[in-house]
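First come two forms of one protein chain, each written alone as structure tokens, so that there is a structure 1 and a structure 2.
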Structure 1
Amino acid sequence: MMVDGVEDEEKWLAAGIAGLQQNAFYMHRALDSNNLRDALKYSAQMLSELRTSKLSPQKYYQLYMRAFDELRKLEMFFKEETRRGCSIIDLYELVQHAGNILPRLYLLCTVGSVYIKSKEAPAKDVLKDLVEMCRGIQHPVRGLFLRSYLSQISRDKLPDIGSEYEGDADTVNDAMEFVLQNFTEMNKLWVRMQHQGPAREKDKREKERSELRDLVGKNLHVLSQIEGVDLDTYKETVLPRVLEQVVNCKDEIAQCYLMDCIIQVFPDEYHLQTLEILLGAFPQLQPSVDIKTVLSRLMERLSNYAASSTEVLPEFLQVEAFSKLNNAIGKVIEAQADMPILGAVTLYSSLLTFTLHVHPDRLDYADQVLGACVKKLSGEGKLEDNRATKQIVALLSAPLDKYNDIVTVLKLSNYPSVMEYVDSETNKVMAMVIIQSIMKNNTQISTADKVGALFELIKGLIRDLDGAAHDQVDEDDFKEEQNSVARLIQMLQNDDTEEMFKIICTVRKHILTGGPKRLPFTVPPLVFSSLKVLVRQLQGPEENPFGEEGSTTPKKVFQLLNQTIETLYGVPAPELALRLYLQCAEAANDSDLEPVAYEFFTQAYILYEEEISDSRAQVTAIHLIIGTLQRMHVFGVENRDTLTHKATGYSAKLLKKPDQCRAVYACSHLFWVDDQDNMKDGERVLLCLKRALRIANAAQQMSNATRGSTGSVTLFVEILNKYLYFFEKGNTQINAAAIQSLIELITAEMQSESNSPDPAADAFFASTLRYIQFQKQKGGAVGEKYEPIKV
């Protein structure tokens, strides 16, 4: 059926066009021979094609356009006819003899156009007559097109101010009245379409209606173009009349379209000055009207208007634009109880954008909007609607974008409350937005209170909000989020130690709620942040950085640190904890707090012993321990001995021989700290190195036994390098002879048959030898020292 329908429609259109063209042909002939009678007859017949009910608006439009073109020719003819002496008044009567109303009215409008141009009667009278007579067409589509024809031919003939058709004192009113009446009638016809025809074709009808809507809207455009419609007229007449029609038509499609039309066609300034009237209409619209979009566009326009020039801002204040909009939105939401939450949120979002643009200095306005939003949301529970949450994000992002400053935003007391109503996913998104804003703008958040508020805001990232919601969190996303939090923690700064300590405590309180998955990301930045406080105190200009008056002593900081790092046990993340302990130990070292440093080391050792079992991790850990320990100068002999002893012990107990070897020779440094004379124990250095050599040897043999070839000589070369280092540093225990013998040992190893070639080791060795040569050739003290070594 439907397919047939479309085909039939094509046929009907073709037939209509053919009929129209045929009569147009005869009409032309009559025009050419100046035969008025026939011209009228055939033009009426031609226009009769427009009486069809079989075409959809789109097809009808095609037919109409053809008729329109023909009518232009007829109009020319009428004009000539009056020049030839035919009275225009007679013509005006003559065309009304046509029996069918539709052709009659098209002809009447056409002659009417000539009539106005002739100025034999005031334009207003002719227009009034035409617009009245057009009432005869009550068929929606035909009526809309006829009236649109009327609107078309009259556009340049309105008795507007400054127009050649200008009439008496009331002329603008006449022009306006005409357009308004035509608009009203067209809208009625348009709305009526909705209620005619079978219910099952509702969709089709709505589609057809939307195709016709511009015919109706055009009238508003014409109104906006009338010169004489100034602000007062607009306020007193045009707007109330248009709104009256819009409200009273009680039609969703019309209300939605026309409200938008009003907003789009009239100037911003008018809207601003008539805000109350305009907004007053909104709560009266049908509940199904998409008010949010329309109102949002109004606010958007006004925002842009405000942004366009600072000169217009006083106007906004003068008319109290914000409070009016705010009230209106409140009323709309109240009036439309069924409005989905998305609508309300969108409205608030637009209003917020508006107030941010227009009243950037009025934070209270923004807060008011958020407060209203919270109120609305509170009745709804958590948001489910995806689009609504998107709007919430937009709403919450707006102040951030505007102020570029979270500190300002934190002053909005309702801001966190709004955050409460979004789901954890959205909360995260929002938190990310906030963090990014802080990063981008390098915002200083310098008090513990603000930090607390901020972390409360971004709690979606800080902890699991609603238990089991995390079934499928993308690992990468999670890392990204936590890294952001980490960066945020690093950004928190306050030069005042007291406050900074408070900030750290606050942050700590929050991040500890994060659970094992988050701690590895959040603890390190906190630790380093705390360490920075210590560093700053050390470098600070105050004479007594740890003054008694301050309660933030380094000890306190370290206590906190200790407790913080301990939390990683539960994760578990022993390697990370170990690193952090060592870091803290070093800081304690810088602060000259031996017991603290010792404690940290102890903790690190315990971790090493109890928690780090993976051999590779052990290797890394032991090297870290050695490295850190080497730099410690705070320890007394006893403590130091204990720690170094332990470290050497651990080294020798590593699983793989090469690892053992390397750890052991690294330990040699523990006994030789360059800038501290009391820590130069040449003998123990040598012992370490010898031990390393032994292990290297054993490794060599093991390799020989298990694989039939000795391993690489790399270890030996490495040990040789250690020899050379201490030799140069003046360790008397390391002498040229020892070096000499080691070189020979290596050379021998390399030449042994069982040795598997290793180019890297060879190159390493060759470089080492070259270095020795180089040192020899340097001459002076160094050259002399190297002299005995023969290569």
Structure 2
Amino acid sequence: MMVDGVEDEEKWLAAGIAGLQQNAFYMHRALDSNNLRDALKYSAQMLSELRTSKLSPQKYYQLYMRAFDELRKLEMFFKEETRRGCSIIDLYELVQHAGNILPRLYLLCTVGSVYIKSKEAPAKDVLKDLVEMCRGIQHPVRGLFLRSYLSQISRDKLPDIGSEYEGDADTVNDAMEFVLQNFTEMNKLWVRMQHQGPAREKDKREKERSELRDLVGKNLHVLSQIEGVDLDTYKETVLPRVLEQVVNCKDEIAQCYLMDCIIQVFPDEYHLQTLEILLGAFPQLQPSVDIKTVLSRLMERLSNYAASSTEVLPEFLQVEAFSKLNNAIGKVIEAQADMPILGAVTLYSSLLTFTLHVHPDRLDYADQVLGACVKKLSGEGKLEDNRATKQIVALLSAPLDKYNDIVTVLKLSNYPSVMEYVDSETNKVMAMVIIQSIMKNNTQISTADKVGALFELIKGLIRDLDGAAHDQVDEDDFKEEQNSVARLIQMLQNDDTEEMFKIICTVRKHILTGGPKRLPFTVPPLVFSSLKVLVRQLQGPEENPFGEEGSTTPKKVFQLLNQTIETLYGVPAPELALRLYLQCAEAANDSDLEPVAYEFFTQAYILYEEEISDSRAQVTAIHLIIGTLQRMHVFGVENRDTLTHKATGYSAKLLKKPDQCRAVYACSHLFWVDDQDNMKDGERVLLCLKRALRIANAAQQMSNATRGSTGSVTLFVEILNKYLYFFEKGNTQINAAAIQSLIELITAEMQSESNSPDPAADAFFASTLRYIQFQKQKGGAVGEKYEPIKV
């Protein structure tokens, strides 16, 4: 059926165009022969094609445009006729003899255009006559296009100030009256379309009306272009008359479109000065009108106007724009009890944007808007509408974008309350926006209270909300979120030790609620922030910066650190905890707190023994332990011997022989520390290296037994390098003979038939021998020391 209807319409349009073109042909022939009577006859017949009711507005427009082009030619002919002496008044009378009213009125408007240009009669009289006579057409589509034609031919002939058609003192009122009257009649015709035809075609009629709306809206554009319409005229005459028509038409489509037209076509300063009148119309509109969109556009225009220049801001204060908009939104929301939450949130979002542009210094205004939004949301529970959620994100992002300072935003008491109404995913999104704003602007949050408020705000990243399981979260997203929290923790600073310690305690309280999956991301930055407090104080000018009388002593910080790292046991993350214990041990070493340092090492050793079972993890851990212990200077002889003995014992118990060998020769550094004379025990260094040699030899024998070849000599070359290191450092237990013996052992192993070729080991050995040769050639004490070694 639909296809048949479209085909029929195409046929009717083709027939209409054919009839129009045929009569236009005869009209042109009459024009060429200056035959006025025939020209009027055929032009009337041509215009009769516009009397059809079978075409949709879109198809009717195509027919109308063809007629419009022909009427322009006819108008030029009428001008020529008046120049040749034909009376324009007679012509004006003559065209009124056309048989049908629609062609008659089109011809009348065309002649009327020439009549006004001739200035034989005041423009206002001709226009008044035309606009009144156009009432003869009450068919909506035909009437709209006729009045659109009248508007088109008259827009440059209005009796406006400065126009060549300007009349007496009331000339502006005459121009306004004509446009307003034409607008009123066109709107009535447009609205009437809605009530013609069966109810089942309602959607079709709405679509057709939407296609015709610009014909009505153009009148408002013409009004805005009239030079004589100043602010007073607009306020006293234009706006009340237009709003009266908008409210009285009681049509949803018309009200929504025309209110938007008013906002778009008239100047911003006019809107500002007539805000009360304009806003007063909103509660009178139909309940189904999309007020949120119209009001939002009004506030958007005013926001942009405020942002355009600081000079206009006093105008906003003078008219109390915020108060009026706030009251208007309240009344609209109250009047439309069934307004979707999306509408209310959109209005508050636009109002907040307006407030931030116009009154950036009035945080109380911004908080008032947020409070009103909270009140509206309070009866809704968590938002489930995605569009409403997006508007909430826009609402919450606006203060961040404006102030670029979370500290200022935290002063808005209702800000956290709004976040309570979004789901956990949106809460995370907002938390990420907040953290990114802090990092982008390098915002300093320097008090524990502000940090507490901030972490409450970003709790969506700190812990699971609403029982949401983090298994559903994408792993990469989760890591990015937690790394952002970690960066935030690192940014928290305060030069006052007491306050910084409070900040650390506050952060700790929040992150410990995050569950085992988050702790490996958030505990390390907290530990290092705590250690920075100690380092900064130790580098300070005071002799004893903490002082035992102070409430925040190094011991207190270390106690907090110990308790914090213990939380990683439940994750479990023993390797991470071990690393952090060793970092704390170094800090205690710098603070000269031997018992504390020993306790951290003890905890590290317990973790190694009880929790770290993976062989690779053990190798990494033992090298970390050895490296940290080597740098410690705070231990007395007894404690150091205990820890060193343990480390050496762990090294010898590693699963793989090569790992054992490397760990044992690394332990040799525990007995020889360059800058401390009391920690240079050459004999124990040599014992470690010899033990490493025995393990390397055992590794060779095991390889020979299982694979039939002795394997690589890499371990022997590595041990040789350790011999050379201690030889250079002046360890008297390491002599040239021992080095020579080791070189010969390696050479023999490499030449052995059971040795499997290893180019990397060969290159390593060759490089070591080159180094010895280089040292010999240096001469002096170094050359003399290396001289006995034969390579």
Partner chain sequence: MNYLIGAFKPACNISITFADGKNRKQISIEPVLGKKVEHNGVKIELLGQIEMYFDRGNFYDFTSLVRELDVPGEIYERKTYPFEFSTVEMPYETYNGVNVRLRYVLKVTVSRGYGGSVVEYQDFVVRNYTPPPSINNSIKMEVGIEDCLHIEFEYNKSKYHLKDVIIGKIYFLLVRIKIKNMDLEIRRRESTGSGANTHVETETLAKFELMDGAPVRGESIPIRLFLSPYELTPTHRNINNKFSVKYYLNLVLVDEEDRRYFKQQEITIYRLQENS
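Just so you know, these numbers come straight off a predicted model, no measurement behind them. Start at 1 and count along the sequence of structure 1; that gives the residue numbers used here. Under this definition, the rigid core comprises the largest set of C-alpha atoms superposing within 1.5 Å between the forms.
Annotation: structure 1 represents the form predicted in complex with the partner chain, while structure 2 represents the other form. Comparing the rigid parts between structure 1 and structure 2, the hinge falls at L325 out of the candidates L582, L325, V429, A175. Domain rotation between structure 1 and structure 2: smaller rigid part turned by 6 degrees relative to the larger, from C-alpha superpositions. In the rigid-core superposition between structure 1 and structure 2, residue position K79 carries a C-alpha shift of 3.4 Å.
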